[in-house]
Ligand SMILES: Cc1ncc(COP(=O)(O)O)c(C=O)c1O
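Let's start with one chain on its own, the form predicted alone, as structure tokens.
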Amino acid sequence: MFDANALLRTHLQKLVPYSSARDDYKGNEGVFLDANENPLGSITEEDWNRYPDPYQKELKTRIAQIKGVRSENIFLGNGSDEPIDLLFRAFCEPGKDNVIINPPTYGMYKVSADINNVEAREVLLTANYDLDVEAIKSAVDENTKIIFICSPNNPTGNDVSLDKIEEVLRFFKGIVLVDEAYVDFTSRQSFALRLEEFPNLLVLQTFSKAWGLAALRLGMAFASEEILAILNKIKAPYNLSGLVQKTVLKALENLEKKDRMVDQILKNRESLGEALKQIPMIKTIFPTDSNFFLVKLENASEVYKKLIEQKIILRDRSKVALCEGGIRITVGTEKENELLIEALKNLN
């Protein structure tokens, strides 16, 4: 039986969280003289003088409808990086506990571990960028608290084997984080719909990619109420601004536009992939389930620098484990992709 509180750091077990002015009174109307706000309004044309809902109830209700989950199973953060950091702060004792990451993968897992003085044990993906479950099992010990799995994976672009994720979820007694930042570009079902099956599962998604809201910094974590109660206990009282909540709530009225953008990106991905095959210097184009390609080519770092001189900015991954000679290419507009291909042909 999974028990999140049994994994919790000892000093947090009796923590009394900060009680905000909006914890005691849940209504939207009244004479608000409790939070030392400016009663006259704001210096902007629109009034932002009242503190926002600390638990984003209205926004969570709408997201729950879209995602097919219960609002009680949603945590909203300042990007996905906030719940990642909160997991370290909640469950990992600095200098004692460890987590497992699977390079090449999203770099913030390691950075967050380093910031929190937590060992990040690296278990490399296989040669075809899949999980090495037996190696993960060997790396786990009594102080392993979290296993991070990115799928579709960044920077390789592929979905790892879903049955291997399930295997990890079944054998590991701690938290398994499945980062689905790029899931909107796949046709598979999200693991967020399987929370009842796996109580130790936490799924990350984001509004930064398919939804085109990267500047607003809104990430979603889906998990059991038990896990999310702990995150809510230690998060900043007002971790999402009222402006972000209001803007995203309005944006969610236009789901058709998001679907159209995803369709267009997938079409552009296909045409870009075909065009990249015609560039002789590119030796390998890896299969992708995301909105980017990982390619391997001769003199990757030099090509990367030459493209920057032309104000075409890619991501040099040539020094990342298992990505030697690799560059990550985000799928752009048709025009941007054409400019990239033309520049590569000229360099070739």
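One-based numbering along the sequence shown. Because the structure is a prediction, the values reported are computed rather than measured.
The discussion below concerns the form predicted in complex with the named molecule, not included here.
- This chain appears without its partner; in the predicted bound form, the one residue of S271, S208, T247, Q264 with a heavy atom within 4.5 Å of the named molecule is S208.
- This chain is drawn without the named molecule; in the predicted bound form, the residue among T144, N154, S112, N239 with a heavy atom within 4.5 Å of it is N154.
- Using a 4.5 angstroms limit between non-hydrogen atoms, G212 is distant from the named molecule in the predicted bound form.
- The named molecule in the predicted bound form comes within 4.5 Å of no heavy atom belonging to V118.
- Put simply, Y129 is far from the named molecule in the predicted bound form: not one heavy atom of it is within 4.5 Å.
- The closest heavy atom approach of S80 to the named molecule in the predicted bound form falls within 4.5 Å.
- Here the chain stands alone, but in the predicted bound form its contact with the named molecule, taken as any heavy atom within 4.5 Å, falls in 80-88 among 248-256, 131-139, 80-88, 96-104.
- Shown here without the named molecule, the chain has C150, N154, D179 in 145-180 lying with a heavy atom within 4.5 Å of that partner in the predicted bound form.
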